[in-house]
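A single chain comes next, written as structure tokens; it is the form predicted alone.
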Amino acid sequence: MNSMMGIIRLDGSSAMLKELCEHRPVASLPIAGRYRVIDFALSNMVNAGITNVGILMTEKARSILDHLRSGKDWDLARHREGMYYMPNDSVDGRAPIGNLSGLYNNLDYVQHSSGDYVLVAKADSIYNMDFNKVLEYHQSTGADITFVYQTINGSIPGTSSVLKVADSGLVKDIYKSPNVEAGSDVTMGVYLMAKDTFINLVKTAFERGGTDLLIDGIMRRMDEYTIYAYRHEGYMARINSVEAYYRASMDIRKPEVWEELFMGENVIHTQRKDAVPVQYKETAVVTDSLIANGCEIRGEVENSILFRGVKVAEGAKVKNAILMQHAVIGKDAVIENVICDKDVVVGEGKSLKGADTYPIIVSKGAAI
């Protein structure tokens, strides 16, 4: 089997994530108590034996640099190959439009990299899959380009790329659609193709004025390529709105979802941060929740996710909530259907309650 190199795009849509992505891209959004969204795409590549991964940068990328650093926690801090940051530079002082300019300006990196195939993935989804099976499928079909997709069970807010797939797996059409309904075959932002195909696709599309890999590089030239689609049967959540992030976080508490994502042979890696175990004090009552290390619990926590270093005081009640790193919930405070970003402080006796389907968001560093 031939080798692959990987490219991870950070240009996921963040407009519907509001305050959560005001200062960070979707890729660095904290998830599941100790991970970031990018950990899933990156870990899946590493688990498939990919040792050469380019990170196509975007604006507000400082948090990504802080999280990934040299790539050591993913075994990508290497003398040869490893992790490479692909800058998407401004043009004439203006921010670049789309992702094609960044890919085009880094084609020399792709050309000189080992690997017969290029695997491109967007860092805006939660899933655990074996990319080697995608390569096997790609080779068996003789496709020029292979998409990875999922037939969704529920609706997805925001615009998605939908496939029309024949029984043979051949892609007959690709189109953009807002508010996709259940039963649709939606791309996961993962494409596989030979290196020469990728270089030709990016070069031609950009030099003709294109800005987007999918729209200008693939959709406008469908007649030139044989395109197949590989179906992912496991769990997948696309993080493109507050509702989607909240729903995915609540899903992860379910034992069957947690087991599929984190307990199989393919490990999801993240930045290592050592801390003391959770401290459950005598007054603590915790049910159906995910609690990261370094937390100190004195109050009640139900159906919630607490990241590292969160403190819940005696008498406080936390329900259906997501509390990111170092949040502090004061004595007798009530938190329900709420997402607290990092370093939030909720004072003694305060009460915050959001709707079941749409939580309140408390911005990073806020004090209430």
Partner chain sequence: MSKTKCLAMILAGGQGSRLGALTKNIAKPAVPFGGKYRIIDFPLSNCANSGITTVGVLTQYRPLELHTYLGTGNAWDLDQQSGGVFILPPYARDKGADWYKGTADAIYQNLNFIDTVDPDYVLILSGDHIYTMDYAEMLAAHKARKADVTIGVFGVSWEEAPRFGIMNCDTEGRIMEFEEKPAKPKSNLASMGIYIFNREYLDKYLKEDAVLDTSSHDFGKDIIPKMLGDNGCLFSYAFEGYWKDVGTIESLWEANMDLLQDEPPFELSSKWRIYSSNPSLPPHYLSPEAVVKRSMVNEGSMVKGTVEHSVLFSGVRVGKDAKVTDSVVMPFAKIEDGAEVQYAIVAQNCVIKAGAKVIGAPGAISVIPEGTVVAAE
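Numbering follows the first chain given and starts at 1. If you're wondering where the values come from, they're calculated on a predicted model, not measured in any experiment.
The discussion below concerns the form predicted in complex with its partner chain, not included here.
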In contact with its partner chain in the predicted bound form (heavy atoms, 4.5 Å), from 277-285, 153-161, 189-197, 140-148, is stretch 277-285
In this chain shown alone, the residue from 166, 267, 77, 182 with a heavy atom within 4.5 Å of its partner chain in the predicted bound form is 267
In this chain shown alone, the residue from 134, 242, 292, 227 with a heavy atom within 4.5 Å of its partner chain in the predicted bound form is 292
**OP:** Answer yes if any heavy atom of residue 178 is within 4.5 Å of a heavy atom of its partner chain in the predicted bound form; otherwise answer no.
**Re:** no
Checklist line | Interface membership of residue 207, its partner chain in the predicted bound form, 4.5 Å heavy atom rule | finding: no
| Hey, in the predicted bound form, is residue 33 touching its partner chain, heavy atoms inside 4.5 Å? | yes
4.5 Å heavy atom contact, residue 112 and its partner chain in the predicted bound form
no
